[in-house]
Structures are given as structure tokens and as C-alpha cells.
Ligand code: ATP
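Quick heads-up: it's one chain on its own, the form predicted alone, in C-alpha cells.
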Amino acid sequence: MLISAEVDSLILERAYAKINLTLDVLFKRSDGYHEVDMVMQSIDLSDTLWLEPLDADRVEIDSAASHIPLDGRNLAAIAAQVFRRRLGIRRGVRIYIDKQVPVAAGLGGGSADAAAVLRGLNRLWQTGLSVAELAAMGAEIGSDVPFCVAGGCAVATGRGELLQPVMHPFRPYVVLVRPAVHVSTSEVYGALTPADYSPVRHSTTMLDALASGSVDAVDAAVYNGLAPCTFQRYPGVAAMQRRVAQISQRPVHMSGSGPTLYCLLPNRNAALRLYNAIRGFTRDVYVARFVMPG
């Protein structure tokens, strides 16, 4: 870790992962993207980022993680460059990422890091941008970044950048398992046909379920229009889904385009029992909870 010990000069930001509670693909747009309608929810599985000002006019990325780029390809670096360019800032920053969110897992880890950088630079350089302004900046970086700027729960439409915040009382535990399969998001979306597009928006049913605070109601309302395509193209994800369902005797859902799967549990004891059972055959398993702003 190359960040200096001068703690007063550091800005710390948490980068929360997200899961999709619903994901409807509505149609393919003229710009090549797909129109979506999603309910996204932050969970407290997170990366931690430290930002430190540099006198030099450059962006540096550092991490102990061996599986992320430490150059301009990292979304955290891209976010810092977008922020500097948009505001005409010539000062530099060093960013250290403590990586805990699995990479390429359908949990928005890279987007969350980018969002944390935008929030952190806003504090570091005291630029006074609103959450809405930071979210608009984040839309230049990736479709999930605007949601990750604000976090909590939201209905996301358009490419995922148009947000309607949602407040609800539901605070379940989440057990997540990442199969050892690399899923290409672009391949999954590229394989969709009009027959795969959702005729309805499942977000309305999900909002009613969240308001009820019932695990069973939310489980019944979860929908992912990408899951059939991912399961067909990546049999390892489908096999893990069946195995976890057999062990848990609960619905097993997929986040984003996968491969991460998750179960909703009503309490910590139930979550830990399932966590320990899954750890018997894979190490990539996590326990988290829903988090809301504040």
C-alpha cells in the first residue's frame, strides 16, 4: 500500500456492491444499447478506497489485488480523469483500492469503485457537486455508475442511468456465491432476441413486495430476464444454481448477467448456516445485508 501515513490528507470512501432484484430487458435501442427496467439494491459487501492528493498532475492506482488493472483501464482511474477534465482540475490523486467485491461478478464492483472516486474527489477538492451532478458525470463512465454514486435502492431505466430512488423497510441478509465461470456481459446481451424481451415491467411488483418487508414476497417478485440466456450459454452457472437451491431449499437468484447467485435470508443465523454449507464446496461465498443511504 503506497498511501502515505498522513491520515489527515486522506479521503476514505466505501464502494458498495449491488444486486439486481429485477432486470427487464425491454428492447434494443437505436444507439446499440438495450433499454432496461431494473430494481437495484446496495449491499454491504464493499471495496474501500483511500484518496490522497498529489502535487503532480497525474492519477495513480494502487492495490494489493492481483486481478485488477493498476493503470488507465481501471474504472477508478477513468472516473478520476473524467472528474478532472470536467472541472478543469490539474491536481493529481493517488487512489488505493482494498478490493473485496469479486471482479466481473455481476455485482457492479468496478462501477462502485468509480462512483466512490467521484464522491471522494468531490470531498477532497471541495468542489461542491450534488449527488445528481456526480451521477450525471458517472453516466459517462458506465451504466451502473450513477446508481452506485447514490446507492440504496432505485428503479433504473434507460441504459440503467435514469434513477428513481426507493425507500423501503426491508433489511434481509444475502448469501452470495460466485461460480468459477467468467461470463461476458456483452455476449449475453448480444445473444438476446426479441423473444427474450420482457412484455411487462416487474419493478412495480417488486416495489410492493419491498414495502411489505416479507422475504417470501420479495423472493416471489425477483426477476432477471438475462438468467435464461446466461444459464444456457454458461452451464456452470446453471449447475451452481441448482446445487445451491438443493442445499438451501430457497429460491436462488442471479445478479446482472451473472455469474453471481444469491439467496435472501430473514436473519443472521439462517444466513450463516447457508454460508457454512456452501463453503463446503466453494470458497467464493459471502454474507451481506441490504444497505440504504444514511
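Worth saying up front: this structure is predicted, and the values here are computed from it rather than measured. Numbers follow the displayed sequence, beginning with 1.
Just so it is clear, the following notes concern the form predicted together with the named molecule, a form of the same protein that is not shown.
Checked against the named molecule in the model of the complex, the candidates L107, A80, A156, A209 yield a single residue with a heavy atom inside 4.5 Å, and that residue is L107.
Here is the short version: of V93, C148, I97, V177, the single residue with a heavy atom within 4.5 Å of the named molecule in the model of the complex is I97.
Annotation: in the model of the complex, residues P251, L264 and R268 none come within 4.5 Å of the named molecule through any heavy atom. Stretch-level contact analysis of 61-69, 37-45, 22-30, 239-247 against the named molecule in the model of the complex, using heavy atoms and a 4.5 Å limit, identifies 61-69. The named molecule is not shown here, but in the model of the complex it comes within 4.5 Å of a heavy atom of N74. Mapping the unseen interface onto this chain, V131 falls outside it, with no heavy atom inside 4.5 Å of the named molecule in the model of the complex. Using a 4.5 angstroms threshold between heavy atoms, T127 stays clear of the named molecule in the model of the complex. Proximity of L87 to the named molecule in the model of the complex falls outside the 4.5 Å heavy atom cutoff.
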